[in-house]
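Below you will find one chain, with nothing else, as structure tokens; this is the form predicted alone, and questions on how it binds or moves follow later.
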């Protein structure tokens, strides 16, 4: 199966779960910003949770399917359309050869995920297919997709199975009746982000800590996959201090000299020397990833034990959801009414 990029959009890259084990060499993990939407997109087309997908940022991206393709779209609602019709999200959708899929405008969120049965077939670099643009590695030649690019997918018997089961042979696409959309919306313009204390939390002034939890922060336009720069109450240390650079992870909240926090994201650097006031709970990273410039957030303090409990609850919920999806896929393909 193959697809042709018609319009590049703002930023579209190939991403998987990211590359691990190379931080000591200064290589970022990268990978999908919204791990929740990424995994569901894969499961919905019968892939494992680690196949490469397309991560679309905002709008303007469009493609043509060069063969019948089983696809799912999750994450942000970027108004997917095909043949003048709205394409439903969070479910398997079969696109016919020659169909064109376009993402018109953002309705909610900022990053959408497009998975194709069989996974996007690009070379594995350091154990991952993820694009790391700053280093020019992974994905398609280490860069964002451009108009005219051709991408191939791995072999998938499920696509042929669904294609033969479809009754509407002339329609540009068909979708199943059921959906795996989240019961509780996590994509909002205003987010509550749960955090634990960072390593240098105690070095900040007490009034700055109060402002950190009570204030509202806005995502700046210069935010990117490396980090989300925030605008809000200025944070200050009790006294000037130099720190030795140490390892950082996704969700680390650093505070540079200007006192405005930065939340490190998927393409973060591997070391950081700024004081770290907080660490975002893993379960809330997708919420941040879907914030657009101008979106706002507030920080809520929790304990490490609470963060671990939230993570385990999410793991259990995801396993149950994966089982439900697998059962639905085994039932076969039925056209949407």
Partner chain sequence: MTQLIVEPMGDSALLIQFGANVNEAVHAAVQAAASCLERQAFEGFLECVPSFTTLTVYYDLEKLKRSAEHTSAFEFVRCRVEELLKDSGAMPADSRQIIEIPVCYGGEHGPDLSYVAEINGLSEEEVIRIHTGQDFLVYALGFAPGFPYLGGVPERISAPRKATPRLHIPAGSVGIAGTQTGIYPLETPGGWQIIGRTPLALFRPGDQPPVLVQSGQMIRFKAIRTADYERLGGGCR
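Residue numbers count along the first chain shown, from 1. Please read all numbers here as calculations on a predicted model, not as lab measurements.
We do not show the form predicted in complex with its partner chain, though everything after this point is about it.
Residues with any non-hydrogen atom within 4.5 angstroms of its partner chain in the predicted complex fall in just one of 112-120, 144-152, 184-192, 241-249: 241-249. Among residues of the shown chain, residue 96 is not one whose heavy atoms approach its partner chain to within 4.5 Å in the predicted complex.
Residue contact check for residue 196: one or more of its heavy atoms lie within 4.5 Å of its partner chain in the predicted complex. Contact between residue 269 and its partner chain in the predicted complex is found at the 4.5 Å heavy atom cutoff. Among heavy atoms of residue 317, none comes within 4.5 Å of its partner chain in the predicted complex. Checked against its partner chain in the predicted complex, the residues 132, 228, 217, 162 give one hit for a heavy atom within 4.5 Å, which is 132. Taking the partner from elsewhere, every residue among 24, 27 and 312 has a non-hydrogen atom within 4.5 angstroms of its partner chain in the predicted complex. Annotation for 273-303: interface residues with its partner chain in the predicted complex are 276, 279, 281, 282 [heavy atom within 4.5 Å].
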